[in-house]
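Given as structure tokens, the chain that follows is alone and in the form predicted on its own.
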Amino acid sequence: MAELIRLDNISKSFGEQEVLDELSLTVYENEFVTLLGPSGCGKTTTLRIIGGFETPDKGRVYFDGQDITDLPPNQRHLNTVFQNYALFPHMNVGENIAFGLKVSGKSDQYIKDKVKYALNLVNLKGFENRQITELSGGQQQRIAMARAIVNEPRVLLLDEPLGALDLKLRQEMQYELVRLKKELGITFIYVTHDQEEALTMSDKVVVMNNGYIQQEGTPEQIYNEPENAFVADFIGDSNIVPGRMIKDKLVEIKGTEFPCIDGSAEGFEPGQPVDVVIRPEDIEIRPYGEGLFNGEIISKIFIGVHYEMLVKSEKGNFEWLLQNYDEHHVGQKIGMYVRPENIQIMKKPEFDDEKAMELDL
């Protein structure tokens, strides 16, 4: 894929608060890239710098090989869909969608055809004369999308556009956005703090915290191979425990030896302290005494399709989070087993700048 957008050592502060610290990122043509992270991590500021709504204190922004750092938003080949949609309440649907085209001086027939095309694309055919106040939240979100699409941008920037919708509608719109991206063949850069949205829609997820990029990769890479404790804790549920490497592919956790065959379990010194990530769905329940370690279930809740349990380990005084489709009871003593391929090893941060990138766990 061809490089389309490149952020080169971007730094940005507001007063004494540093929001971005020498951030670099490359976005390729036709990618669906999601900037994911907690509030205040710098993801929206990054999006606004790409869109031209903020100017970096340091660093440059490149679009298709050209430096656009100082270009205003209306001279960039991109459009933005904001969380509040920013629709004009005194205009009907057709007028809202046509606004940018009229400003550009397009002909009436061209505008009419484009509005009809955009409404068909977002499954709102025949809504041209509706008033904005007559629309549901999901319909308003689609109109905001249509208004952005109609200008034929090469890049669509989306700043938490689904945040105001209820869960069912938000899930429906996730599939709609993926469909639109495929049909339009344009690049999407999407900002959210919702892990499910990021994992569902993205070609590439960029996990951010404290103005740094923690990790970037496919949804599968981010979930299955987190590079540090912040990513492991932020993306889904995790058991993150301190461990000690006995040798390559063998780690000791809370007094129990665990074989591990992932590539992350190589290159450590014997006895080196590490952080170990085990996802709760990867802990298998076995009869008591027949696993790698034993414990007692101390709490249980039902979450739709599975049970979530806390199990107090007999060794190391640690509480493990488990997810299992079968029902077990509080007070039951069980054995637990983890397959070697489901154990992820991470080095502990050694320097202050590495520690600053992680969440205090």
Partner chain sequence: MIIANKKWASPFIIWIIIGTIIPILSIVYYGMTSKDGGVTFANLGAIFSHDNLQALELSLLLALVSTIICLLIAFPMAMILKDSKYGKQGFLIFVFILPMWMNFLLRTMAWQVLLERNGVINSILTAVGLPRQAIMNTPGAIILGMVYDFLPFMILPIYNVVSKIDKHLLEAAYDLGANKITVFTKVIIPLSVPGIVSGITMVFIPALTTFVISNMLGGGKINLIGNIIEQEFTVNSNWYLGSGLSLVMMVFIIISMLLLNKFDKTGGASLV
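Residue numbers count along the first chain shown, from 1. The structure displayed is predicted, hence computed values, not measured ones.
Another form exists, predicted together with the partner chain; not displayed. Remarks below refer to it.
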Subject >> Option touching the partner chain, based on a heavy atom within 4.5 Å in the model of the complex, out of 175, 88, 110, 117 >> reply: 88
Original post:
From the list 228, 80, 187, 192, which entry has a heavy atom within 4.5 Å of the partner chain in the model of the complex?
Top reply: 80
Original post:
Does residue 151 reach the partner chain in the model of the complex, with heavy atoms at most 4.5 Å apart?
Top reply: yes
Original post:
Is there a heavy atom of residue 28 lying 4.5 Å or less from a heavy atom of the partner chain in the model of the complex?
Top reply: no
Subject >> Contact test in the model of the complex: residue 73 vs the partner chain, heavy atoms, 4.5 Å >> reply: yes
Original post:
Is there a heavy atom of residue 99 lying 4.5 Å or less from a heavy atom of the partner chain in the model of the complex?
Top reply: yes
Subject >> Listed range touching the partner chain, judged in the model of the complex by heavy atoms within 4.5 Å, from 251-259, 88-96, 236-244, 195-203 >> reply: 88-96
